[in-house]
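Okay, so here's just one chain, in structure tokens, the form predicted on its own.
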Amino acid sequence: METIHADVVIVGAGGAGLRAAIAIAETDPSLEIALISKVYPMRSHTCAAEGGAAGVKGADDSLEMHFNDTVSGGDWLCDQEVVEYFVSQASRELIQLEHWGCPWSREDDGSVAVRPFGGMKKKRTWYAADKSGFHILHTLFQTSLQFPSIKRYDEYFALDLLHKDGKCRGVVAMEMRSGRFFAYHAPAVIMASGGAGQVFPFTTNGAVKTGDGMAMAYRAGIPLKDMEFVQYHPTGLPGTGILLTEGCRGEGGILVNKNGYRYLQDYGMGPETPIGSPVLKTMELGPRDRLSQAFWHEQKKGNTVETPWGHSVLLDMRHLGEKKINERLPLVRELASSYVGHDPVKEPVPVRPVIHFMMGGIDTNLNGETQMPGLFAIGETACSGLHGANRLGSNSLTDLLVSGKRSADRASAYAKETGRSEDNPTLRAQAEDIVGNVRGLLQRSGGGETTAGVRREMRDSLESGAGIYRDEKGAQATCDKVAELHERFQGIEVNDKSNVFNTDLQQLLELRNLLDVAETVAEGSLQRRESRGAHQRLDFVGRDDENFLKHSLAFREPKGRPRIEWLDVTITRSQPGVRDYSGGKDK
């Protein structure tokens, strides 16, 4: 096993990881950065984001409005000092991207264009047609190439953390091309490995999003926070889970049931607005949790459309016209036409809610610092308290930038304060144990389980017991099933015994991570006995601020299910109130 020394190790080379690497390289070129990614950076999932990134731009908008939209959208589970900092830095980061070459769409006067997004009272979502994530990631990637202090390790699979005396000291990774193992020693490690949408069966998330960073931190004793809050996006293509951006509705698309009725007005998001003239923060521009829950009710009433891929509702954009769709939503037209055979210029497109984002993640503070000194987490891997119980669309792309920059500044300062560590027997033994565990998986034989079979049962169980709506019986059954699957994991044999690009082994390692994440989602869903944001209980239908205005913290137990502790939400100025998406003026 080869040892590599660096000042900062970053796990994940998507938007958050690249932004952090650039910030460190700009601040102090003498610091050596090891950037580890299990895929080539431009294949990171940031690339799939479509709609845009939120930041105050117009004279009619303000930081206060962005703050209030975010906090109320998160059902008051947001840590408000984190939100305050986020909104103050958002536009600055988006302007920085423009200076680096991001081709934001433009208004006729040449200024940056912004579009409406769900749950926001003003237009503040900067976009690049409907390929915003691609252009953001491309801009960050090409910018990172100018810094020689950033050394990339593409297609390296991070396995586990190294730590000594309660401090993070590095990470062990496997080069997928050769099967060789590497121990990266560094005083600071930044986790930026994305979410864990693959724990569910129907998701917009690419195959790479298997909760690797979350699981690594969890196994190292760091709690995962608010894992019961999993966001469904209301408009995914049935069958594939491919996202149709919220920009479809921001531009004026409408949702109708099988009767052609705009059903959202029946679920606290009315009255009906004029077709083609969307009204901010109501009807189709309500928040994602409310729209997804409305679909669930329509399905129960028998008002959905049956398709070859299951029940759906219809997203109608025909009134926008071909010119506008081609200008603002060209990718959406291509995706809908290619994957479900519906051209949005000519006919409504079937859509249904699909797992999209995890509000929960590694417990961090505003600086991205975890409970383990030397370990930082950013982006969807982390839970700083920014998104609360429901993330507003377009806040996440901006969060990659804001959290990436701030955590990078703190991590670089910490690395310089702490200094590099020399090789020592404790870390060497840890690294050998990690490698030994992987080799043990490779040498198993005679098991009767399969990776695909266990993964399928895990996903189906999460969808059943921790989906859009939950209850005690279903959540308990999911907890029991995941515990059973943890045991059955030991009976999976890796059939491919080779070292070179062993995808059989990689998928087993990813399943290990997914099972660790799954048990925290299930346990949080069981123990949070209230309804808030994306977590809705049929047996506890109201929000319970007295008992549950708190973050859940899931700690790994060596044997048995996770231990849940509770942490008070930080409230600076906005007291819990009523989430109003009826189109009325703010109260």
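No experiment lies behind these values; they were computed from the predicted model shown. Numbers for residues come from their place in the sequence shown, where the first is 1.
Separately, the form predicted in complex with a small molecule exists; it is not shown, and the next lines address it.
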Touches the small molecule in the model of the complex: E50 (any heavy atom, 4.5 Å): yes
4.5 Å heavy atom contact, V39 and the small molecule in the model of the complex: yes
4.5 Å heavy atom contact, F117 and the small molecule in the model of the complex: yes
D212, heavy atom within 4.5 angstroms of the small molecule in the model of the complex: yes
Residue stretch of 189-197, 493-501, 275-283, 69-77 approaching the small molecule in the model of the complex, non-hydrogen atom distance within 4.5 Å: 189-197
Every residue of V11, S44 and R391 near the small molecule in the model of the complex, heavy atom within 4.5 Å: yes
F489, Y156, Y184, F141 - the one with a heavy atom within 4.5 Å of the small molecule in the model of the complex: Y156
Listed residue that, although the small molecule is not shown, lies within 4.5 Å of it in the model of the complex (heavy atoms), from S396, S384, S292, T478: S396
